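This document starts with one chain, in the form predicted on its own, laid out as structure tokens.
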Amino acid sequence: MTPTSIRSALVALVASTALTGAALADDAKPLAGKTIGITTIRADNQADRLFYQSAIAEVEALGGTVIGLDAQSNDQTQIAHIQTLIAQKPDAVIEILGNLEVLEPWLAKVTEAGIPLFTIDTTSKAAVNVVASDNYGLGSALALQLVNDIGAKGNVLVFNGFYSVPPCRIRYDQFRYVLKDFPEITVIEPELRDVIPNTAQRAYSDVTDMLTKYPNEGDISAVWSCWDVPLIGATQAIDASGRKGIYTYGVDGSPDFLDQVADPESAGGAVVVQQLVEMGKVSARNVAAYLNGETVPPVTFVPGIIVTKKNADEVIPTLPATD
């Protein structure tokens, strides 16, 4: 199968799921009388909040009752929440984000308890269905945008603090895969580590330190991260330094980073915007379809939208709503 036909198949898969969801939404309340547990590792930034809130809102719109649990960035709290949901025996569970290395045994226990598991951005073997951006496609697209912008040569700072989170692992691996064909691009070692909380503040400090360590024009050409919150701080640090010719690249579409990408005087380089609200809705619709006897695919890919310096003015006004 060619890359074009693969992408066409993914688009068709998204379209078919969306049609199923629309049909269910029109059919009274397909989740009436059903209780759905929704557990998220956190809901404290735009991407995480919109996944969580849109899934809750869609389950309720389809007539279901929600048990919503936010672990506030604590792995052990999310495990406790999963245990709570298993004990309460909802009709299905939607799990959002998290450290798969920690969560996988507990996600398996959900299915062992006879509860259908659905996930958003957590590629678990235990899940009936995973809703995710096409992280393979967007990871390589972002990497290629970076390569083109820096002329296929230079030194790149990389934030790599969450490799055990599946979307970050995929995007990072795709980034590294693309760079194999561009030997004049070097990743500066050791890689930086993004953190939660205080993500942007820590990135500002780390990048400021690296700008001091590499003080000359051309020493650093770009900064990459698997999400865009650290890049808000990284971009602020570069802009404050007055250094030119350094650009930043990430994923999600946080408003502050979109503003930096759109600003011709800022170091914001490009961002792949995920369709965050749609992903939460699609997961809830897949739950409804499954509980009503329909077959759902193991993975539903939702395409992302790349925003660059060149297309920002045109694309940003057309982006999907985030509320």
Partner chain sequence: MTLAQTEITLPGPGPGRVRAWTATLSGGDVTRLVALATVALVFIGFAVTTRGFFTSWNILNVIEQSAIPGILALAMALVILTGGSDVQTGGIDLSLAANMGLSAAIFAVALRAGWGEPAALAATLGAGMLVGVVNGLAVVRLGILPLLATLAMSNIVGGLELVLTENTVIPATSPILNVLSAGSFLGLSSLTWVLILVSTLAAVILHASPPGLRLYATGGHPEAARAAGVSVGRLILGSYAVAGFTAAFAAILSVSRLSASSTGTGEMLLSILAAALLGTVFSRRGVPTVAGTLIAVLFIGFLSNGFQLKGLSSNWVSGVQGALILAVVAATALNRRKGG
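Remember, predicted model here, so these are calculated numbers, not experimental data. Positions refer to the first chain, counted from 1.
Below: the form predicted together with its partner chain, not depicted.
When you look in the predicted bound form, the only residue of G253, G161, P116, P167 with a non-hydrogen atom within 4.5 Å of its partner chain is G161. Proximity to its partner chain in the predicted bound form, defined as a heavy atom within 4.5 Å, singles out one entry of P215, G151, P105, P183, which is P105.
Contact between A262 and its partner chain in the predicted bound form is not found at the 4.5 Å heavy atom cutoff. Of the heavy atoms in I79, some are within 4.5 Å of its partner chain in the predicted bound form. Taking non-hydrogen atoms only, D209 never approaches its partner chain to within 4.5 angstroms in the predicted bound form. Contact between K109 and its partner chain in the predicted bound form is found at the 4.5 Å heavy atom cutoff. Taken together, Q83, A87 and V195 are fully in contact with its partner chain in the predicted bound form: each brings a heavy atom within 4.5 Å. Heavy atoms within 4.5 Å of its partner chain in the predicted bound form are found in one stretch of 286 to 294, 266 to 274, 63 to 71, 253 to 261, which is 63 to 71.
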